[in-house]
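As structure tokens, the next two blocks hold two forms of the same chain, structure 1 and structure 2.
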Structure 1
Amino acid sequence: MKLLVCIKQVPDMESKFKIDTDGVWYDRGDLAWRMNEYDEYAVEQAVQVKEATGADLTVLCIGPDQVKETMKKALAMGCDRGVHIADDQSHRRDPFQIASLIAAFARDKGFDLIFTGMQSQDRGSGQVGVMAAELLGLPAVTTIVGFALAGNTITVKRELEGGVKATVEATLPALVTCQLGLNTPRYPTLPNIMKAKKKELLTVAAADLSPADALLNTVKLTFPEKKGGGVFLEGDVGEVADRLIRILKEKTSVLA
């Protein structure tokens, strides 16, 4: 069995973000970087399948050279090799272009199961996995929070709206996108971190995979508008309660 897991390097969400000079994305300087959180669940699930079946597991990441550091974590978690699609402009590509690069690489590799995160923490489109599946002609099951493999069939639990979950079966080959709660991603041990340094890390130029033309263009990026601050009520409990009631009547329709 051959497995592929796709990951993305994103800024740490605690970083201070600034909009770049073009006004269409964030400034990539002075940011701390990490593996996209949803992708960590995808890597963990892929490694668990590898350990249970003896499958061969490849991790793929698109971006500039710096993404190799994030790929090393996936290798230390248990992936067998890495494929870096070198692309200094990956942050400007729309989801369809990213999906086309994944599909172009994976199309002739015979992967039985492809894992991706549900979405990225920076762009948050939730489209790349399902678009890649469509381009590859594979069934896709999204937002999975439970996973089981038996023979040539996967049984997964999907998270739907309102806390509802659905159980879905699919025949391999297939693609799944992973949601928080699917598993508990492991911390790479020091021996595995050292082993990861010796694992194969192949680089492929994005141009060699002929990415598709963009279907979306970002026109402008802005921070959310600042709204009025909150009101702190202090004093005697009864007095605070009276003031709260007056505010609710004057400012809202809660007590109308």
Structure 2
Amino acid sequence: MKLLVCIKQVPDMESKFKIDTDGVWYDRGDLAWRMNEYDEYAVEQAVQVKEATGADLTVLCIGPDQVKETMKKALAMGCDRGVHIADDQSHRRDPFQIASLIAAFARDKGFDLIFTGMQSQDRGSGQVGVMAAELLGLPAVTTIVGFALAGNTITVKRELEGGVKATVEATLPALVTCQLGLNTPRYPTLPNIMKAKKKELLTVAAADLSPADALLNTVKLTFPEKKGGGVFLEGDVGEVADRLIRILKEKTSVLA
């Protein structure tokens, strides 16, 4: 069995973001980078399937050279090899273009199961996995919080609104997009980090995969307007507590 997991490198969401000079994306300098949180669950699930079945597991990541750092984490978690689709412009590409790159790489490779995160933390479109499946002609199930594989069949739980889950079945080959809480992503151990350095990391130029044309343009990137009227309390915690209690007495009925 052959498995593929697709990951993205994103900035730490606690970062102070600045708008880039082009006005359509954030400034990529001075940021701490990490694996998209949703993708950690995808990698963990793929590694669990590999461990249970002896499957071969490839991790794919699109972006500039720096994404290799994030790929090393996936390799240390247990992926067998990395495929880096080198693309300095990946942050400007829309979800359909990213999906077209994944599909161009995966086509004819015979992957039985493809894992992605359900969305990225920075763009949050939730489109790439499903679109890649469509382009590859595979069935896809989104937002999974439970996963079981028996023979050629996957039985997964989809997370719906209000805590309801749907149990869904599909036959391989298939693609699933992973939601937070699907499993507990492992921390790579030091020996596995060392081993990961020796694993194969293949680079393919994005241009060689003929990405599709963009369907979507970002007109501008802005900071949201603050609601206004919100009061900031700062300083000594005793004083902050007193002022907060005063406000609650004035503005709410909960201390009455």
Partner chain sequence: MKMLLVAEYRQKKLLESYTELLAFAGQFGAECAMFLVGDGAAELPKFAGRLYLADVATYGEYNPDAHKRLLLDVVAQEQPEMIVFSHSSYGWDLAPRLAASLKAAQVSEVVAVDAGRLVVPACNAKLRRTVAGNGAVTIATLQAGAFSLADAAAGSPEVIAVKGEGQGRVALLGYEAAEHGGVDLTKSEVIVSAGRGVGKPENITLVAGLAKALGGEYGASRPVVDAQWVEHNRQVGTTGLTVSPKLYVACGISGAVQHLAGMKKSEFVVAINTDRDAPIGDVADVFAVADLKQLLPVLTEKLQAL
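So that the term is clear: the rigid core is the largest set of C-alpha atoms that superpose within 1.5 Å between two forms. Numbering for residues begins at 1 and runs along the sequence of structure 1. Since the model is a prediction, treat every value here as computed from it, not as a measurement.
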> Is the form predicted on its own structure 1 or structure 2?
Replying inline: 1
> Once everything's superposed on the core, is K18 shifted 2 Å or more at the Cα between the two structures?
Replying inline: no
> Supposing the core is put in the same place in both forms, how far has the CA of D242 shifted between the two structures, in Å?
Replying inline: 16.0
